[in-house]
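The chain below stands alone and is given as structure tokens, in the form predicted alone.
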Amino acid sequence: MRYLVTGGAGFIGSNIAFALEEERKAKVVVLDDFSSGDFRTLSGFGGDVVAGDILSRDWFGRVGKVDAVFHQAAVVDTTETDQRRMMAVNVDGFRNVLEYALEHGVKRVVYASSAAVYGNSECPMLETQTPTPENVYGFSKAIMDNLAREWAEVHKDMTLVGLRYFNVYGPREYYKGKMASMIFQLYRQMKAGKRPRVFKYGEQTRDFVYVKDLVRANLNALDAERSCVCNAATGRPENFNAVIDALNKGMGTDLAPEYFDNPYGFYQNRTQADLRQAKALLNYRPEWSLADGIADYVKILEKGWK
């Protein structure tokens, strides 16, 4: 089997690429323009890399025929204010991937959606509820879901699976810089001997999901029997105080949090996924609790792996 991973030099894309090689023994080609991805995330990668812009068509022929596409390429900075750029890369880029799939007879596309489509709606968050995004990033992902649904209705021989990622953390996110997870940011602070800084009083909750579970959701999507959009999370929200406790335990430290005022007018105080659809359609069952995921991640970071 041969698979294409767009955005494969990024955090999640690189994890998917390695899993396809190691677990599925597949040939993998990565497409990335390296605007936010980093070659170091692919250290040890055994496949091909095509340097190309998702908005161009010049990579179609260079990639050639594959058995499925894992579409991760996107503007992932949720603070991006250039609405046109966000919509062009995320929505038009996705449309380009679908055109590529149609031209090359690719029957399955798995793509990254986001929990940002839910905004500050009530929990648990259901795939069937009306999207209420609070920023253009979330809006772009909601429009991607619309496009996928319309495309699947017309091209019935193609299976499109969207995964609404919640708060992902884990190996290979180092190069995301300010966009790396809060878990990684807090680890860095604590590693430097500083008290971990969180908004008052650390009681905001997130559905944190370890990247190893997220990769499992993507690989399971290869076997989905029909097009769908599913949440990809744990379904078990935890607050930032619990994150700090798990980091202290994993790192052997005892650093108390430093609380400060939230400067943002809008802030998601809680995220939680309903996983019934993911379980039914993708046989997805997360294996990593927050405590176990952080413990595993800290071991990797302490070994110097990024």
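Throughout, we count residues from 1 along the sequence that is shown. Treat the numbers as computed from the prediction; the structure is a model and nothing was measured.
This protein has a second form, the form predicted together with a small molecule, left out of what is shown; the following refers to that one.
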- Item | the small molecule in the predicted complex: contacting segment from 268-276, 246-254, 47-55, 60-68, heavy atom within 4.5 Å | 47-55
- Query: in the predicted complex, does Ile12 have a heavy atom within 4.5 Å of the small molecule?
  - Reply: yes
- Query: For Thr234, is any heavy atom within 4.5 Å of the small molecule in the predicted complex, or not?
  - Reply: no
- Message: Taking any heavy atom pair closer than or equal to 4.5 Å as contact, tell me whether Phe94 reaches the small molecule in the predicted complex.
- Response: no
- Any chance Gln189 has a heavy atom within 4.5 Å of the small molecule in the predicted complex? no
- Item | Option touching the small molecule, based on a heavy atom within 4.5 Å in the predicted complex, out of Ala101, Leu160, Ala112, Ala221 | Ala112
- Query: Of Val215, Cys228, Val76, Leu147, which residue is found within 4.5 angstroms of the small molecule in the predicted complex when only non-hydrogen atoms are counted?
  - Reply: Val76
